[in-house]
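Given next, in structure tokens, is a single chain: the form predicted on its own.
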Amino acid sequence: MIDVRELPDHLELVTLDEAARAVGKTSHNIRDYIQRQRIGKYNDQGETIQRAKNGELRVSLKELRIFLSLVEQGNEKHHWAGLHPELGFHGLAEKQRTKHVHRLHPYLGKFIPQLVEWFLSRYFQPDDAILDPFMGSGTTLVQSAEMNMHAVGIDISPFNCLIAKVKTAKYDVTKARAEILDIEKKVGDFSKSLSNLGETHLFPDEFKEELLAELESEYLRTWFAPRALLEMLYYRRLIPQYEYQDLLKVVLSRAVRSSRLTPHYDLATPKEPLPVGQQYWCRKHNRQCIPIDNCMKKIHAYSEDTARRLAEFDSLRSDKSSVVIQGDSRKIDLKESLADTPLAARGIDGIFTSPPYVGQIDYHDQHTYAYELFGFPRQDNLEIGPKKRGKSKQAQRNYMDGIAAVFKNALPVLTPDAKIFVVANDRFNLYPEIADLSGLKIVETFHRAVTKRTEQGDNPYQETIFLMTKT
């Protein structure tokens, strides 16, 4: 029998009879799983094979157990042979997928922190420096800080950079909590006055008219009920009174996002606003609902939650540096940008990133409410592979050139033996050419099932994680 201690850590190879006994099935059952491509075929060295010589066929006991567990849960559709049995993170509770500051603000297209953690723990060491040139909301930076590693993130979007800075900033957590709850109370008092439950003389009609006069955005007037508008505008007006202003902007933005006049099940990609008070059949709650007509309810929900998450992360994080750079990763001078940081005199040990998928998401559009509320400049024209440019051959060509330019620009700051991990849904097989254009070579690939990507439902699809190195 094979000594599993000598096999790759994701395989426990056994014969069909041994597998059948281990899981309480028959060897015929195991062959059926192989024929339906639910589990893979291996030789006794752990290599994937198409045909097995007599006595050579092995299966992965770990892969088999994961598959049977998903069958029991009714999630068989999430498992296919050839996918890494650990990287699907099947059965991982939502609370773990969105632990501590990872859930400070929703973001379409982000990967789960456990994926970053899995690779960083196996391929890097404490005190290493990790770069994410497609930073998004900062998942790689947060996990690096938790794992005693330095990190640098770059993003073209000013709002994405705000989220990442807020997640990775070091706070006096007692003061941060006090500020979050103090502004919540003040806006709560204002909200009560709108319902004639508070002291209305403190907020006369002239004051409310003055608040609305500050509003220049037609988008906000269209997508929010009048009461929600007044509450969010009052919160915004109070922010300059506090020290942790960026943090309060993120709390408000999260509340505003959830307060739009849209069905509860359609927060990620709303189509059009609903009339205030109009009932609709809600697929999320399986009953008649009406769109939210205020912002205070969400401000209240997210204030305590944010304070708790900050404190939780503060107890876990290391003292390593987290550097957020707003700019175009294709052109930014990284050496100059890092000159005044703790990483100025050292090389970057690796990259862990998930570039946009070609023609999949318009990243600025998902946060239009925040750009309108805070006046951040938009950089839509600099996005690589946005949905609005489609998936045509020309769009794919432009995408490859853009992604390759990012990696080429990063090469001068990378150490000679740097490891580059790229998470991609490469349905058009673009990354082999991207690697060539970038001056990189693909040395290994990992395939995983994505079953619960944040904000994108439960329909399974596959991702590939490419491990690249310098040529």
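A quick note: this is a predicted structure, and the numbers were derived from the prediction, not measured. We number the residues from 1 along the sequence you see.
This protein has a second form, the form predicted in complex with a small molecule, left out of what is shown; the following refers to that one.
Per the 4.5 Å heavy atom criterion, the small molecule in the predicted complex is contacted by stretch 329-337, the sole one of 121-129, 214-222, 329-337, 93-101. Residue contact with the small molecule in the predicted complex: residue 303 places no heavy atom within 4.5 Å of it. At a distance threshold of 4.5 angstroms between non-hydrogen atoms, residue 155 is in contact with the small molecule in the predicted complex. For the chain shown alone, residue 133 is a contact residue for the small molecule in the predicted complex, at least one non-hydrogen atom being within 4.5 angstroms. Using a 4.5 angstroms limit between non-hydrogen atoms, residue 382 touches the small molecule in the predicted complex. When you look in the predicted complex, the only residue of 350, 291, 109, 106 with a non-hydrogen atom within 4.5 Å of the small molecule is 109. For the residues 259, 253, 322, 160, the 4.5 Å heavy atom test against the small molecule in the predicted complex is passed only by 160.
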